[in-house]
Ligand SMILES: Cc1ncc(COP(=O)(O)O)c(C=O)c1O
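Shown below, as structure tokens, is a lone chain in the form predicted on its own; questions about how it binds or moves come after it.
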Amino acid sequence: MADEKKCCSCEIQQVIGKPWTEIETPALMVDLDIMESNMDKMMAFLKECGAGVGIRPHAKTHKTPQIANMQMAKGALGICAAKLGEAEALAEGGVADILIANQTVGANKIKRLAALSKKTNLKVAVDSKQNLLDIARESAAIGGNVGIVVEVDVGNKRGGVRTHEEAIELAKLAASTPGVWYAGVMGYEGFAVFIPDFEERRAVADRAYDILFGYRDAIKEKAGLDSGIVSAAGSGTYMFAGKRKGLTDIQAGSYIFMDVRYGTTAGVDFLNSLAVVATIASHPEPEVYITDAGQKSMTQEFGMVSTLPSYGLKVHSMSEEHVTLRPTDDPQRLPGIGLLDEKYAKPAKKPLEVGDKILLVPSHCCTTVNLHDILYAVRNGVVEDVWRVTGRGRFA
């Protein structure tokens, strides 16, 4: 089995230096110039705001250590992970500062968490006393040191303590118990990120930050502890959070790739860099094009995928292994799609024929990435690198 994997890896690597059209399909591809410009744009925005807010990008989007290390090199404070397994994959790839922005519960997981704290600067979200004590016990036993970020509910009605008293107790425990240390607070306003009306979204997000600051202030007043981390926000609310003095970092992730849903969200003005490469596998009649990519390579929980407008095609339907496209004079034009279209669709042969490669734009980048073992990194139309999505499937 190991030899088979090694052989497969060699075959995949052979595409490096070749045109993107040599990629076997369906496959996940990112345009490096566009992705890097998205990273730079975020860093420039935060600097221009002057509010002292940094970014701790969420790796649940890309699940790839090479991208995380790129973000760190560009000035990120650290990297967020959704699960312990993702954090382990990032640490294995050399990421030096990781916040697991969810609770880690269960005896074996906590042993792994403690061990991981000896390999990277590790922090984890906690919202219960017993969980904190379990982490502290295992960490102290092996000489680990896990940072505790108290998660508070700012209206998301998911994880997070519900009262100032709970937060104060957890902060005190974290600051006084061997094996752990008090790192700060976090609260995610996920219920706000896709509110269509921009000003309504701003108002809802600001109320969430006010709630978070209330917890921070209560911990300072009652426990005498400063919250080094005051973390919030996603790609749909970064433009508000970046201007709020008092926040230390935002946890946006999707901004580097974008997708159909974020592309239709007002104010999220990054460019699409991610696509699924597909092949026209069938053209049985003039008005029907069938690709070899379907729901098994692109998720649909946020709606249908899209394609690049210069193909002159519109997605008609999706099934497990296929996307059906039909010619149209009115293709979907996402606000951030122009550069990807210019690079890949405008030069494409017209009309498309069986065997031609096209790009499809996921409706949800995060869950689509999780379907792929490999991410092809393309620059100027040529495959520059091939990355393993080592955080893929690392749910536990």
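From 1 onward, residues are counted along the sequence shown. Keep in mind the model is a prediction, meaning the values are calculated, not measured.
Although not depicted, the form predicted in complex with the ligand is the subject of the following passage.
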(Q) Would you classify G242 as touching the ligand in the predicted complex, given a 4.5 Å non-hydrogen atom cut-off? (A) no
_Test of understanding: in the predicted complex, would G184 fall inside 4.5 Å of the ligand by heavy atoms?_
no
Evaluate R137 for contact with the ligand in the predicted complex, applying a 4.5 angstroms cut-off between non-hydrogen atoms, and reply yes or no.
no
| message | Against the ligand in the predicted complex, would T368 count as a contact residue? Criterion: heavy atoms within 4.5 Å. | response | no
Among 186-194, 168-176, 310-318, 284-292, the stretch whose residues bring a heavy atom within 4.5 Å of the ligand in the predicted complex is 186-194
With the partner omitted here, the residue among S306, Q71, Q251, S297 that in the predicted complex has a heavy atom within 4.5 Å of the ligand is Q251
Partner-free chain; cross-checking the ligand in the predicted complex, the single residue of A233, V126, I79, A275 with a heavy atom within 4.5 Å is A233
Checklist entry - Is the ligand close enough to V154, R201 and T265 in the predicted complex that each of the three has a heavy atom within 4.5 Å of it? => result no
Taking the ligand in the predicted complex and a 4.5 Å non-hydrogen atom cutoff, the residues of 98-128 making contact are A101
